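Below sits a lone chain in structure tokens, taken as the form predicted on its own.
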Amino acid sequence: MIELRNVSFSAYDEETSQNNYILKEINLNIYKREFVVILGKNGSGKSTLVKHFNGVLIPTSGDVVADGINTKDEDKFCEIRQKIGMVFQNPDNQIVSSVVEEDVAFGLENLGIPRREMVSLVDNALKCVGMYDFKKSSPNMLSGGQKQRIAIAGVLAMNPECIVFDEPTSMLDPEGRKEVVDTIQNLKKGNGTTIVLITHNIEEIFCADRVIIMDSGRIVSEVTPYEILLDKNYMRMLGLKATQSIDLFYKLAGRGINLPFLTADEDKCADMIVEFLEEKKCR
């Protein structure tokens, strides 16, 4: 789906009058239908990396190939960005219209999609993110989580094969965060969309197939979500805070009580503990 070959990227630093390398010799493949999470401290190069996926940034050296198209091919920019959509931190920066359905249709209008087809694509995208009932509403009247779902619908209407999410929940309250996380997970399950997610929230990595860890502009490790959650050194290095359920899992394991699997979902954690106690009682 996306291939990076020895990609480096530098930006000119006016203070030092030198080129500062933000990415250094990145080699990476993102495969179709995969859910990849990218983790790393602030300044590690995560956002710079994903902006290369659809040609927002062009590598200083090396190549990025998106679904067979080199992002250096300027004639193919529109085609690349149809295949790979991006959703950013602040939904207000992506909302351009005063009516929800018009905002979702914005990208389609730029492509010259016929009106009848456009209406169908917009309605399907809004239904997919659970916002169809708000199609006539003003985005200004929506919550942060709802706005972010509208931003996702705007990308989804373009029918991309891959959607890149750059910390889409960082500005949301817990309820809004859950709305957006549920939407992302449903996209993976229902549409088979390739998902790339940058996050700092530990709850958001559980559904990933693979986690890429970045530091100082390089990929330093590729692991599974559980390898991170079961290793406190990873947690400490990445500045991740354990949820109550994960913290409880650690404490129980320290006392020889091993639950069947690790989860950030408190209800699932409670169900596992109840099941464990019932089994113990029956012995």
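Source: prediction; values computed, not measured. Residue numbers here begin at 1 and follow the sequence given.
The protein also exists as the form predicted in complex with a small molecule; that form is not presented, and the subsequent description refers to it.
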Interface stretch in the model of the complex with the small molecule - options 59-67, 250-258, 221-229, 37-45, non-hydrogen atom within 4.5 Å: 37-45
Heavy atom of each of Lys178, Glu204 and Ile273 within 4.5 Å of the small molecule in the model of the complex: no
Indicate whether Lys76 is a 4.5 Å heavy atom neighbour of the small molecule in the model of the complex. no
Report whether the minimum heavy atom distance between Cys269 and the small molecule in the model of the complex is within 4.5 Å. no
Whether Glu167 contacts the small molecule in the model of the complex should be assessed with a 4.5 Å heavy atom distance threshold; does it? yes
Using heavy atoms and a 4.5 Å limit, would one call Lys127 a contact residue for the small molecule in the model of the complex? no
